[in-house]
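A single chain, nothing else alongside it, follows as structure tokens in the form predicted on its own.
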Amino acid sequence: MNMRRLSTLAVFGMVLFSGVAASAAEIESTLARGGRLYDNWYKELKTTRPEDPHPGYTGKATKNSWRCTACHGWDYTGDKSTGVKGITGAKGKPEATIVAILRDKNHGYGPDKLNDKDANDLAMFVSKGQIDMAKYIDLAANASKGNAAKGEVYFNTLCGVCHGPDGKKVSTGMPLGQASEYPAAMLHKALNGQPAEAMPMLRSFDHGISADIVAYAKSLPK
């Protein structure tokens, strides 16, 4: 095989690889954005919470927040106290099917609230972005299964610059020591970022790293 042929193949391979890498990166960033919309879509979109009651309002004031997490939970399994189902059953479903559910009369997320891109990103998270929380969080004990010693190293190199060594530097949210009392929420945010904030998304890393950080945060002051 001559050098010109080798050169052509090399260039083709680089283009193909870069295309695959770009595609993978785009998917991860879309999943993370969908995760932030699941967390708090109106904050992520820099708008205000709707004042009208949510169509699926169940009688608890917190359920009128219009946040997906309020009814479906940080662990995605729903709310046993109200009987609201989680979103785990929607794993792998076509995004169009999930968008139709978001748009239905029980959910009420019309184009005035979520445009087509927003709805598709949220649907993509529901379909492809959920993790098995029980693998990383002891839901009964409400504690991370991660390694706190490893988490200290990750925290100091990934999180401490913005959050401070004591986890209290960011004034727009609760101290991380306090946030660690909600390990599933903290893990979700570590993976997908904080809505409307310049926070790194650790989704593309091994999820155990985020679980280790959550475990370490338990030792931070409240």
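Just count from 1 along the sequence shown to find any residue number. All figures in this text were calculated on a predicted structure; none of them were measured in a lab.
Just so it is clear, the following notes concern the form predicted together with a small molecule, a form of the same protein that is not shown.
J.: Looking in the model of the complex, is the small molecule within 4.5 angstroms of a heavy atom from every one of Ala32, Leu45 and Lys145?
T.: Verified in the model of the complex; spot residues all out of contact, no.
J.: Even though the partner isn't displayed, in the model of the complex is Lys128 close enough to the small molecule, meaning a heavy atom within 4.5 Å?
T.: Lys128 lies outside the contact set for the small molecule.
J.: I'd like to check something about Cys159: if you look in the model of the complex, is any of its heavy atoms closer than or equal to 4.5 Å to a heavy atom of the small molecule?
T.: Output for Cys159 is yes: heavy atoms within 4.5 Å of the small molecule.
J.: Is Glu197 near the small molecule? Define near as a heavy atom within 4.5 Å, in the model of the complex.
T.: Because a heavy atom of Glu197 falls inside 4.5 Å of the small molecule in the model of the complex, the answer is yes.
J.: Taking heavy atoms and a 4.5 Å cut-off, does Arg103 contact the small molecule in the model of the complex?
T.: No.
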